[in-house]
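The chain below stands alone and is given as structure tokens, in the form predicted on its own.
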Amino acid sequence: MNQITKEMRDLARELLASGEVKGLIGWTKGSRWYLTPPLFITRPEEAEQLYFDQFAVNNLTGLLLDYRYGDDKIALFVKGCDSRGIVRLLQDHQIKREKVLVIGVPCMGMSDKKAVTDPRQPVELPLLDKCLECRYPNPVIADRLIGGALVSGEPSEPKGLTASEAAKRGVGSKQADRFAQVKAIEAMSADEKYAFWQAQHEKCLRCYACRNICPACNCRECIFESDKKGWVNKSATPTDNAFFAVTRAMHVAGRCVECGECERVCPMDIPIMALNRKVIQDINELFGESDAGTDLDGKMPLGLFKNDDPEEFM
């Protein structure tokens, strides 16, 4: 058992036994060596099920939406990118600060389970692309810290017990390439762009996995599940899928925390973050650099008007 797992179990046991929280969201070891799925527990003795390793990739913050109407206080563990989702939910008034206890965990980078070739044989796997581009390996908000995690409001090098491992594994080594795919698509001709996105939208199943895991997709009623708006089609055609993709990108504009979970869970490997990052790039160029979900008291670029805002598009 690694040190972070031990600290997770000890703290969870303490919080639940004392009644400080009524439930806790973390991770547990799955049925395969490369699976560490989410876990919800309510009793101190269940703390032994908690586990943390390089496969605890799921961003747990979206699960808080299931408890937004309740009165119970819920605790959850967050990595750096996950913690930005907490800020997102608080700024969107989806959760109350006093009803959530945030436990920060330092991240050593998550392994890409898609690279598994033999489910019976554990091997070293490459990092997920989103971890190579990560700029916040430490949580930006936390009530408790374990594993030597440090709260940081600025992009930082990995710290804590996993620092050497994180550096060795290359966490954040491709920060400079964050907009590389956006630039590559921008360099295409109009016809090439159309063909590229048409091919992506033909693959989409409209399973809504991207929406369901996204902390910024937190509307109480999703427009794509409403029967009241006849212009929103639920069929999975390329045209309707394109409408879904662009609408969703606009809905999270200026609010996307770049956790990359939407793209990770897509069963059809659609480059969803390319569209999100295009919007982020344009917002940065128009209104100045902005990192959504890093400053609880900060103003969102599309939620604030200034007299000197650029108006060339009007």
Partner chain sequence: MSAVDNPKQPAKEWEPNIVGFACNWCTYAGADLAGLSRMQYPPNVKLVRVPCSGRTNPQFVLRAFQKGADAVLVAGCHPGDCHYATGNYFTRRRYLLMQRMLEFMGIDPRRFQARWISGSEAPKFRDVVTQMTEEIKALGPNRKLREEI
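Computed from a predicted model, the values in this text were never measured in an experiment. Residue numbers count along the first chain shown, from 1.
Just so you know, the form predicted in complex with the partner chain exists too; it's not on screen, but the next bit is about it.
Chemist: Is residue 275 a contact residue for the partner chain in the model of the complex, using a 4.5 Å heavy atom cut-off?
Modeler: Because a heavy atom of residue 275 falls inside 4.5 Å of the partner chain in the model of the complex, the answer is yes.
Chemist: Is there a non-hydrogen atom of residue 191 within 4.5 angstroms of a non-hydrogen atom of the partner chain in the model of the complex?
Modeler: So residue 191 counts as contacting the partner chain.
Chemist: At the 4.5 Å heavy atom threshold, is residue 19 in contact with the partner chain in the model of the complex?
Modeler: No, residue 19 is distant from the partner.
Chemist: Even though the partner chain is not shown here, does residue 249 get within 4.5 Å of it in the model of the complex, heavy atoms only?
Modeler: Yes, residue 249 is a contact residue.
Chemist: For the three residues 15, 136 and 140, which mark the spot I'm curious about, does each lie within 4.5 Å of the partner chain in the model of the complex through at least one heavy atom?
Modeler: Answer is no for this spot.
Chemist: Picking from 170-178, 197-205, 126-134, 102-110, which part of the chain touches the partner chain in the model of the complex when contact means heavy atoms within 4.5 Å?
Modeler: Single hit among the candidates: 197-205.
Chemist: Which residues in 277-291 have a heavy atom within 4.5 Å of the partner chain in the model of the complex?
Modeler: The stretch touches the partner through 278, 279, 282, 283, 286, 287.
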